[in-house]
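Form predicted alone, single chain, as structure tokens, below.
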């Protein structure tokens, strides 16, 4: 092997070594990019409003499903410790790069169960597929009502017992009111956002996942109490924290 050939082999090996190191670094950056989170609680300050009962006498099937557990409105659902449920939390400022344009692959599901929307509030990303299903033995009619000019197109579809799921998407961020034309007490929300999101649970806790380190504005949306925002910093390996308190009215 001549000297020039040896030099060429050494140069190639060095280049390959550098490429491997660069690949490892890039891989670590990719894996760490969306590993951060923001967590916290949402509380209601003051006495929660009384949620009135629902008259389902229009449909005997619906009445029967609630004979041992009377149904009531779900506009404000508060836990024993003041935790406020069904609050949608999302990043309203600070997202960039892949996290700003990524669409989740999982599909949220709204079920029509015992003549109610379960869950009452569902969140989804722009262009994220979601499903509307029914486990009831009665016919429902799902009618989302997006505001004019938002870019979202409303629809009105019947779903009899045993019908396949309705699978669809929304094109623009918006909190969309949903009703059933057959059962007028049925009401829910499809809240469309852009980027990672979360919904507060029965204790008012939430976690927004898949965030790279950075500074963000978190918006908390509730159907009765409107929105609140907070600035939050997510550091590498350490979750950000944002607690919200809405005042009862």
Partner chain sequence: MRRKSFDCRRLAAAAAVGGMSLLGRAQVTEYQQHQWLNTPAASSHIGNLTGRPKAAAMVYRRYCVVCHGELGDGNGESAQWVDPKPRDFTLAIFKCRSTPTGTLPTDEDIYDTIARGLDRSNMPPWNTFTRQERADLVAWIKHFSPRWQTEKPGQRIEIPPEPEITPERIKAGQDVYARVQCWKCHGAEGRANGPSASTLQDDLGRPILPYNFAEGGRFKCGTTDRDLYRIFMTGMDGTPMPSFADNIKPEEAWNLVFYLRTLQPFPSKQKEIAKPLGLKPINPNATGP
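Positions refer to the first chain, counted from 1. Being a predicted model, the structure only gives us computed values, none of them experimental.
This next part talks about the form predicted together with its partner chain, which is not shown.
Out of the listed residues 133, 141, 114, 169, 141 is the one that sits within 4.5 Å of its partner chain in the predicted bound form by at least one heavy atom.
Checked against its partner chain in the predicted bound form, the candidates 71, 109, 78, 175 yield a single residue with a heavy atom inside 4.5 Å, and that residue is 175. The stretch in contact with its partner chain in the predicted bound form, judged by heavy atoms within 4.5 Å, is 177-185, chosen from 197-205, 35-43, 177-185, 210-218.
Using a 4.5 angstroms limit between non-hydrogen atoms, residue 97 is distant from its partner chain in the predicted bound form. With a 4.5 Å cutoff on heavy atoms, residue 154 counts as touching its partner chain in the predicted bound form.
Put simply, residue 58 is close to its partner chain in the predicted bound form: some heavy atom of it is within 4.5 Å. Shown alone here, residue 191 lies within 4.5 Å of its partner chain in the predicted bound form, counting heavy atoms only. Although its partner chain is not shown here, in the predicted bound form the stretch 127-149 places heavy atoms of 137, 138, 139, 141, 143, 145, 146, 147, 148, 149 within 4.5 Å of it, in sequence order.
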